[in-house]
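Heads up, the chain below is alone and in the form predicted on its own; it's given as structure tokens.
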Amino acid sequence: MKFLVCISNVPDTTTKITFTPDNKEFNKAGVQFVINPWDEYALTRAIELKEASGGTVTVLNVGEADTEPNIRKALAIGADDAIRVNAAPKDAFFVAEQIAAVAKEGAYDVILMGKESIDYNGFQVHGMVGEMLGIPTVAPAMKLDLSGSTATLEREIEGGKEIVTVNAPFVASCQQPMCEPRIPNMRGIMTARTKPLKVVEAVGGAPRTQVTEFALPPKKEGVKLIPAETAGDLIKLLRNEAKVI
């Protein structure tokens, strides 16, 4: 079984967000980047399935050279090799194009990724990839088991969960409690240095969207405390100032 796991390079959740002076790009200066946490579920589960039943795990990232430290971390966790598409991930469709091209060329059986990236929270790429390849997509998956070429997945739906089966090849986006993400050990870190990392150029055309401007949300105003004996004033504030009732 050939697994392709797609990972994003995202700012650490503790990062203070700022933008360039023209407000058109995220300011990367001094920012610590990590593997997208949702993608770590996909990566760890793929490694677990490989260890149980055999196969290979390839990590794919659409990004520039500065993403390679986190690609190496994915190799240290247990992936066998990696591919980096040498292009900035400008929009979801562009990223999906790159993933689909690599997946088609490599004839992968299972394509896994996190349900979304924590920076844009788009929840789009997995569905686009499945459509481009003409194969099923299951999203968001909380459990994944394989028996031969047949997968059983549990996915979250409104008000409950749904258990589905699908034959490979297929795409799945992952979330907790898929597995417990792994931390690379020293042996993994050492072997990751020699594992193959292939760099390929992007395919397709220019991104279909452009950023006009980024803006931070307005600062929160101070909290107003209403004495218990004048609770009726709270209704007035909710209606006239907050405009929520």
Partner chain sequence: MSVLIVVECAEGEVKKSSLEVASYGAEVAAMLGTTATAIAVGEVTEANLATLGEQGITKVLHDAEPRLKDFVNNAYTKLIATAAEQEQAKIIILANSNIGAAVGSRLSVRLKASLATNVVELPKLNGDQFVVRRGAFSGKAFSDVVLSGDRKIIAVKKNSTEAKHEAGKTAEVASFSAQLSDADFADAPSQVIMQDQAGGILLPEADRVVSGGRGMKGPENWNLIEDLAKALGAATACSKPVSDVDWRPHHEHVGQTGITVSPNLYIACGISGAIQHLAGVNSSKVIVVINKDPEAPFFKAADYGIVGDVFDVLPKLTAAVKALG
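Please read all numbers here as calculations on a predicted model, not as lab measurements. Positions refer to the first chain, counted from 1. Between two forms, the rigid core is the largest collection of C-alphas that superpose within 1.5 Å.
Although it is not shown, the form predicted in complex with the partner chain is what the next lines describe.
- With the partner removed from view, the residue among G63, G55, P184, P37 that has a non-hydrogen atom within 4.5 Å of the partner chain in the predicted complex turns out to be P37.
- Among the residues D145, E162, E105, D81, the one placing a heavy atom within 4.5 Å of the partner chain in the predicted complex is E162.
- Under a 4.5 angstroms non-hydrogen atom cutoff, the partner chain in the predicted complex has G130 among its neighbouring residues.
- At a distance threshold of 4.5 angstroms between non-hydrogen atoms, P217 is in contact with the partner chain in the predicted complex.
- Using a 4.5 Å cutoff between non-hydrogen atoms, V200 does not count as a contact of the partner chain in the predicted complex.
- In the predicted complex, no heavy atom of P169 sits within 4.5 Å of the partner chain.
- Per the 4.5 Å heavy atom criterion, the partner chain in the predicted complex is contacted by stretch 169 to 177, the sole one of 105 to 113, 81 to 89, 68 to 76, 169 to 177.
- Annotated contacts: T13, I17 and R239 all touch the partner chain in the predicted complex [non-hydrogen atom within 4.5 angstroms].
- Contacts to the partner chain in the predicted complex (heavy atom within 4.5 Å) from stretch 184 to 212: P207, R208, T209, Q210, V211, T212.
- Here D12 does not count as shifted, since its C-alpha moves by less than 2 Å between this form and the one not shown after the core is aligned.
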